[in-house]
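What follows are C-alpha cells for two forms of the same protein chain, given separately as structure 1 and structure 2.
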Structure 1
C-alpha cells in the first residue's frame, strides 16, 4: 500500500471557469499508507472528483498526484495499481466466489498454490470461506460487494483501495454488519483506504480520519472524535452529528459573554488547526456574529439554578429509540438536547437546562474563535 499525496490539486470541468466555480478547489492533502479515510459531504461537494483524480479516471486541471513520492498525475489507472469498489457490485456472475477472487491473481501469473492460499485467507476474513464454490450470481447484494472488496485485498501490489459509496444499494438491515466487516478487514490487512460517502455514520463507524467537504473544499480533516468534539466551523458542526450541533447567538462586552440576559461561561483551549488555509480563512481577522456552540449530547436538565443554567420552554419531544430528543427554547432560540429514555420526559413545559462550561465552544462568523473572553 502507498502514501497518496495531492499537491495543489484542483479541477474544472468547464474550460475557462473562474477558480471559485471549480468542482475541486486547489488543495493539498496527504493520505498516509495503511490508514483508512472517508470523504464526506453533500452531493456535488467534490468527493467523487477527488476520488477519480486519485484513481486516474480524471486528470486534474492543476497540481500533482504522488504515490510514494512518484508523480502519477498523467499515469493511467492501470499504472497506478488502484483497486476500486463502486456503488453497484462489479463481479463476474458466471464465475464462482473462488474464481472471482482468484481472477486478479491469475491475470498476474501467480502460481496456483500461492493463489489458493491468498484466496482462502481473504475469503475467511470476508466471511465467505464456506461459500467459495457457490456461483456468484446466487449471492445477495452485500456478499457481492464483499467480493468486490476482496478482489482488491487479494493483490499485494495495490497502492490503495478506493470505495465510492459502496453501501448505497445494500439493504439497510445489512449495512451494520457490512460496515463492521469492512472495519475488521481494514484492521487486519491495513490497506490504504479512501472511502466516499454522504452518510456520516457510515464513515465514522470504521475510518481513522474524515475529510468533510463543501463546495469543492476540504473544510476540516481529523479523527471522528476531533470532528465531533471540536468542529472548526459551523458547517462541520451541522454536518457531523444528529441532531446537529446547537448554535446560539450571544453577545459580548467587557464583562463577559451573555445569553438571554444571563452570563454564559466558556472554557476552551483551541487545538492546532487541521483545516486548509483556503477553507479556514486563516490569517484574516475574525468578524461576524458571535455564537456559542454545544452538542445536544452535552446539554443537561438542571434541577436548580446554577452556573450556566438557563430557563427554557419545552417545545417538542422526538423519539429516537433508546434516546429522546427534546427541543426547547431559550430566549427565543431553539436548542436540542438528548435524554436517555429511562430518564423520562419532564413534567410541564418550563424547565432548566445547563450548558456545561467545558463543552461550550465560541464561533465568530461561523468559524471557531481563538480568543473569547469569559
Structure 2
C-alpha cells in the first residue's frame, strides 16, 4: 500500500475559467499508507473530481500526483495499480465467487498455490468462505458488492483502494453489516482507502479521517472527533453533528465578550473583532463578525444564575425518543440544546441555560478564531 500525495492539485472542466470557479481549487493533501479516508460533502463539492484525479480518470489542470514519491500525474489508471469499487457491483456473472476473486491475480501471473491461499484468506474475511463454488450471479446485491471489494483486497500490491459510494445500492437493513465488514476488513488488511460518500455519518462510521469538502475546497481534514469537537468553520459545525452546532452573534469590547448584555467566557479569548456587528446570521458570518459556537450536546439547563448562564425563552420541544431537543431563544437568537428524556420537559417558558466555557468556541467571519500565541 502506498502513500498518496496531491501537490497543489487543482482542476477545471472549462478551460480558461477563473480559479474561483474551478471544480477543485488547488490543494495539497497527503493520504498516508494504510490509513482510511473519506471525502464527504454535498453534490458538486469536488469529491468525485478529487477521486478521479487519484485514479487517473481525470488529468488535473495543475499540480502533481505522487504515489510513494513517484510522479503519477500523467500515468494511466492501469499504471497506477489501484483497485476501485463503484456504486454498482462489478463482477463476472459467468464465474464463481472463487474465480471472481482469483481473476485479478491470474491476470498478474501469480502461481496457483499463491492465488489459492490469498483467495481463501480474503473470502474468509468477507464471510464468503463457504460460498466459493457458488455462481456469482446468484448472490444478492451486498454480497456482490463484497466481491467487488474482495477483488481489490486480493491484490496486496495495489497502491490504494478507491471506493465511490459503494453502499448506494445496498438495502438499508444490510448496510449495517456491510459497513461493519468493510471496517473489519480494512483493519485486518490495512489498505490505503479513499472513500467517497455524501453521507457524513456513514463515512465517520468507518474511516480514520474525513475531508469535508465544499465548493471545490477541503474545509477541514481530521478525525470524526476533531471535526465534532473543534470545527474550523461554521460550515463544518453545520455539516457534522445533529442538530448542527449553534452560532450566536456576540459583541466584544475592551473588557470582554458579551451575549445578550451579559459576559460570555469562551474557551479562549478571540482576537479583537474588526467589524462592528450590524448584520446578523449568515450575513454576520460573512462580515467578519464575532460569533460564539457551541454544540447542542454541551448546552445545559441551570437551576441558578452563575457564570455563562443566560435567561432563555423556550420556543419548542422536539421528542427524539431517548432525548429531547429544546429550541430556546437567548436575546432574540435561537439555540438548540439536548436534554435526556428522563429529565422530563421543563415547566414554564423561561429557563436558565449554561454555556460551559470550555465548550464555547470563538468564530470570526465563520472561521474558528485561532488561539493567540501567548
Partner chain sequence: MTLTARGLTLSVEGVDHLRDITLDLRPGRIYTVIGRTLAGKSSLLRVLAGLQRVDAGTLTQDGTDLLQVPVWRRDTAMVYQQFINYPHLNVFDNVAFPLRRAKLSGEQVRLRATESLAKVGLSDFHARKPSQLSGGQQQRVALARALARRCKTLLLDEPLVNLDYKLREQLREEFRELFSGVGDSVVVYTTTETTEAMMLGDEVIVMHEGRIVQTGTPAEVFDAPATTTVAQIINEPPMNIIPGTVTGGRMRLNDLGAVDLPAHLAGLPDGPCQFGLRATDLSLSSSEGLRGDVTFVEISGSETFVHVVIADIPMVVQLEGIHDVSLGDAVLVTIRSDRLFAFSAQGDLLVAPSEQGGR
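Positions refer to the first chain, counted from 1. Whichever C-alpha set is largest while still superposing within 1.5 Å between the two forms counts as the rigid core. Bear in mind the structure is a predicted one, so any value in this text is a computation, not a measurement.
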**Study point:** Structure that is the form predicted in complex with its partner chain (1 or 2)
**Key:** 2
Check your understanding: Any idea which of 135, 80, 224, 257 is the hinge when one rigid bit rotates relative to the other between the two structures?
Key -> 224
Review point. How far, in degrees, does the smaller rigid part turn against the larger one between the two structures?
Key: 8
Study note, to complete from the structure: Here the CA of residue 318, compared between the two structures on the core, is shifted in angstrom by 2.9
